[in-house]
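In the block that follows, a single chain appears as structure tokens, in the form predicted on its own.
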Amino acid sequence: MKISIERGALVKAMAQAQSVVERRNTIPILANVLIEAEENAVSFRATDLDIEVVDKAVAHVERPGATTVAAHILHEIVRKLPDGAQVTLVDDPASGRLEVSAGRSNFSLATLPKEDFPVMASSEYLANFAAPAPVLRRLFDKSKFAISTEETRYYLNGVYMHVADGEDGKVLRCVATDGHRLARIDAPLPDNSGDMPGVIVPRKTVGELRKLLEDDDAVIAVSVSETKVRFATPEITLTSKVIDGTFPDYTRVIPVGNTRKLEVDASEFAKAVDRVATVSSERSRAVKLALDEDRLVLSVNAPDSGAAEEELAVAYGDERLEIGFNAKYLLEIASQVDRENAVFLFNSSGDPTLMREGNDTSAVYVVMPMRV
């Protein structure tokens, strides 16, 4: 194999590949990226056995071929080469080395046989549809903060993507929860996605997927089966196993009878919560919200380090209410709001609270209160 490729294209492809590769590997081949060269295109394939990413790049191919080389090392080398450099990769099967050269820099890297590289078996996808990148980005970005990190409840370690009944018919919905907070985001149902089985997309996949969704004009081809999900652009294909478990019935925890309504400027609210939480060293310190007519007092009381209080002008017309929340959860939920106003709907100080963006019901958040 002999190819020459522009540094920028190689950096982009290797960045995507090496982020899938786990740093600590018991199986040596999993630390490698599979480079396959055929007519004027090179593909870079990396996997951790749960996720596989294939990135295609344009290159000048003198001799087609394939080899595998350590992903992190090749990425670091290419990253440190000067901008605009032409990089030549030559594989010598006899010596088991890949020669990498650019300008006056030359590297010789150990390779492993391409036959040892595990390629993810392709499955029969039950649903194939296309969705604009900004739509998928919103679905996953707004829900991923609520993914659980608890190993024991593994079925909560991802975003549940499924077809659901919205207010005006069927929607494509993403839900994530860790038992303390929940995010439920809806988008118009793409054509041909009605038969899609509900799948739990793992947290690492959600992180890798974000890189495919940067381009606002991109249209992502989505394929879903019972065991796998695939997201593809013309250049990059990301295939992932889904979490094998049943996502709980989240509709039971979304309150419907919350009538006490607070409307507040989302960014002012987030900044105020952040300020009063500063006095507490503990991450999970409760922030108390005391609501009265058109005023909100946020306070934190940390016996060891001090206390803080801040008042905000808000729109609130119901009876007095005092309720406490984990400051970190409040901040994360408030930071999801793209519009000016956040609307909180309370029932009592012991019940879950609902939050949405203005009158928009396509994004709904639930947060459990804390005792204060």
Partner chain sequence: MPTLCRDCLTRFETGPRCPACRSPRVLSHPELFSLSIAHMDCDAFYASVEKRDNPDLADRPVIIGGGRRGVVSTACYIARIRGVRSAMPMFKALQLCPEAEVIRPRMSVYAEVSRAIRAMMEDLTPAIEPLSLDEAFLDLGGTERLHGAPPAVLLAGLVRRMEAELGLSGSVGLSHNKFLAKIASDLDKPRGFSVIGRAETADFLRDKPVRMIWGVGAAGQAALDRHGIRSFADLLRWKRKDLHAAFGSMGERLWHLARGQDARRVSPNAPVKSISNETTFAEDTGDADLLDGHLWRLAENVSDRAKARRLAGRVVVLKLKRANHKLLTRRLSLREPSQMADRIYRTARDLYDALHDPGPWRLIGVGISDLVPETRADVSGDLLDPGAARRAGAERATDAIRARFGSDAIVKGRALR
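Residue numbers count along the first chain shown, from 1. Since this is a predicted model, take the numbers as computed values, not measurements.
We do not show the form predicted in complex with its partner chain, though everything after this point is about it.
Proximity to its partner chain in the model of the complex, defined as a heavy atom within 4.5 Å, holds among 144, 72, 180, 162 only for 180. Residue in contact with its partner chain in the model of the complex (any heavy atom within 4.5 Å), chosen from 153, 210, 170, 275: 153.
The stretch that touches its partner chain in the model of the complex, counting heavy atoms within 4.5 Å, is 171 to 179, out of 201 to 209, 235 to 243, 118 to 126, 171 to 179.
Not one of 6, 57 and 63 comes within 4.5 Å of its partner chain in the model of the complex, counting any heavy atom.
Proximity of residue 252 to its partner chain in the model of the complex falls within the 4.5 Å heavy atom cutoff.
Interface residue remark: residue 248 is counted as part of the site for its partner chain in the model of the complex, having a heavy atom within 4.5 Å. In the model of the complex, at least one heavy atom of residue 370 sits within 4.5 Å of a heavy atom of its partner chain. Although the partner is absent here, residue 282 sits close enough that one of its heavy atoms falls within 4.5 Å of its partner chain in the model of the complex.
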